[in-house]
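Below you will find one chain, with nothing else, as structure tokens; this is the form predicted alone, and questions on how it binds or moves follow later.
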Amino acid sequence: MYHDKDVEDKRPEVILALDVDNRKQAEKIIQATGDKLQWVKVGLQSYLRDGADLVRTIADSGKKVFLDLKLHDIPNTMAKAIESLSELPIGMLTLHAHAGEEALQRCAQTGKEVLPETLILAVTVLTSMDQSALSAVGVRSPVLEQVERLARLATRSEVGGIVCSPHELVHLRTCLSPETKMITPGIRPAGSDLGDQRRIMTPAEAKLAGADYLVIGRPILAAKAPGLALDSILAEIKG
């Protein structure tokens, strides 16, 4: 684990991954998790179904929105996509580091111009992928090496945060600027179903590894009492 005292004392914030089947269910979950939840992640499933209205509804409820679109296209298209989001109340926005240095630089600059309060994040290697999955798409580097390569590329391009699995956190904390925000999915409380995740940690482990934000979905969404599930996760982080 990472042993910087400030990191060990810091409590990462929980981001609820709101990947549900319909708008009514989304609103029910948000209500059930109450004021203890500050961040909600809206991904492709919810955004394509409910659009900007869902983003505004969540923001109007007092919560911060992490818009997880994982933009990946030619540089001009990615920059124009960010411009098209400039009227939305979003606190974070993702794009794929695999898009390359020119695209990352364009997006970072466009973000500063049209979404100055939004943290632009670069996704490195998806937590659903392991070494065999990388090899299948022609990436021969070990997972950690590929994650570091993409993370360095993103930070050189002035992207403000990195999305990676918790297993890469300790290493990235030693080779990236301490100002770089670390956002990690693949968080599962002990005893939880792994689903399609491969590279995971518990909330307490991810805290010690140096995470700033923990993206958690199924352990809260699938719980009979989502609010109690969130309370348990927050207690684990605090402890």
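When you see a residue number, it is the position in the sequence shown, counting from 1. In this text the structure is predicted, and so the values were computed from the model without any measurement.
Here the subject shifts to the form predicted together with ligand C5P, a form of this protein not shown in this document.
In the predicted complex, residue 223 stays away from ligand C5P, with no heavy atom inside 4.5 Å.
Put simply, residue 19 is close to ligand C5P in the predicted complex: some heavy atom of it is within 4.5 Å. Contact check for residue 203: no non-hydrogen atom falls within 4.5 Å of ligand C5P in the predicted complex.
In the predicted complex, ligand C5P sits beyond 4.5 Å of every heavy atom of residue 210. Residues within 4.5 angstroms of ligand C5P in the predicted complex, judged by any non-hydrogen atom, belong to 210-218 and to none of the other stretches in 169-177, 210-218, 56-64, 26-34.
The listed set 151, 125, 107, 92 contains one residue whose heavy atoms approach ligand C5P in the predicted complex to within 4.5 Å, identified as 125. 163 is the sole member of 82, 163, 120, 147 with a non-hydrogen atom within 4.5 Å of ligand C5P in the predicted complex. Heavy atoms closer than or equal to 4.5 Å to ligand C5P in the predicted complex belong, across 61-85, to the residues 68, 70, ordered by sequence position.
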